[in-house]
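The chain below stands alone, shown as structure tokens; this is the form predicted alone.
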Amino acid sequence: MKLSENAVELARRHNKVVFRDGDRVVKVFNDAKPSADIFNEALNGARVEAVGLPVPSVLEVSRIEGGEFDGSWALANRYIPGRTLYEAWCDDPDNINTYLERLVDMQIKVQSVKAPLLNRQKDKLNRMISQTKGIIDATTRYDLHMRLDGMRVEDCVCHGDFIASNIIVGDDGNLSVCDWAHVTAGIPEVDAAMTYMLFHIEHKDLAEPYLDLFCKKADVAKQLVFYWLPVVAAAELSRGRKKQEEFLKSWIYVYDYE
């Protein structure tokens, strides 16, 4: 894969740089990102597209040829003209409730679709909690594993990182969802717990309105979402979130809805 001279940098994060390059969006990863994870993200995107969800199509996974990123692994997806839902609500803060409702409606739409070929939510969370040795004590890890052991089996598509910056508002007004690196087949309450937690980290004032709206529209009791908060907080600790470590540790012990 080659980046053209007209490629424009859109974002830069700890393990990747994202470019708009003509009719594609290219994520270029550094050496810290295992190639297996990159291919898995591409496979996830193909699988959710196959079940009819609105996603940017996967175009290519290969190494970059030439230039600053020569030899780096990259993932290319089709570019969808528009902007993110986050950008939209930043430009129109008076209508934040409308954008929040669109986010919740799209999340419920995604969760209504079944995709049994995806990785199992339960298995992934168990693996992530096992990786927190040295961060979470053995007794707490055991309790979290036991909580997961009782998880019911479902095949709902659970994005795993469902936030406004991962939703594209197309020029035609339709929504598409990107960044499927963390998607699993599982239960919606866990996915909602993750989004609720991410709102607390990034936009705390919207966390409770989000939860109220999700539970009302999905007809889900808040207690069910809160039940999984310790699990998703522990899973996030496995990703090395040093800035949020104390916050996430405090949520591991939030067991009941009050």
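Because the structure is a prediction, the values reported are computed rather than measured. In case it trips you up, residue 1 is the first one in the sequence shown, and so on.
There is another form of the same protein, the form predicted together with a small molecule; it is not shown, and what comes next is about it.
For K249, no non-hydrogen atom is located within 4.5 Å of the small molecule in the predicted bound form, even though that partner is not displayed.
The small molecule is not drawn, but in the predicted bound form it has no heavy atom within 4.5 Å of I129. In the predicted bound form, none of the heavy atoms of K133 sits within 4.5 Å of a heavy atom of the small molecule.
In the predicted bound form, P56 approaches the small molecule with a heavy atom inside 4.5 Å.
For the residues S72, N119, T84, T140, the 4.5 Å heavy atom test against the small molecule in the predicted bound form is passed only by T84. The contact with the small molecule in the predicted bound form, taken as any heavy atom within 4.5 Å, belongs to R78 out of K114, K109, R78, H145. Contact with the small molecule in the predicted bound form, judged as any non-hydrogen atom within 4.5 angstroms, is confined among 98 to 106, 164 to 172, 121 to 129, 183 to 191 to 164 to 172.
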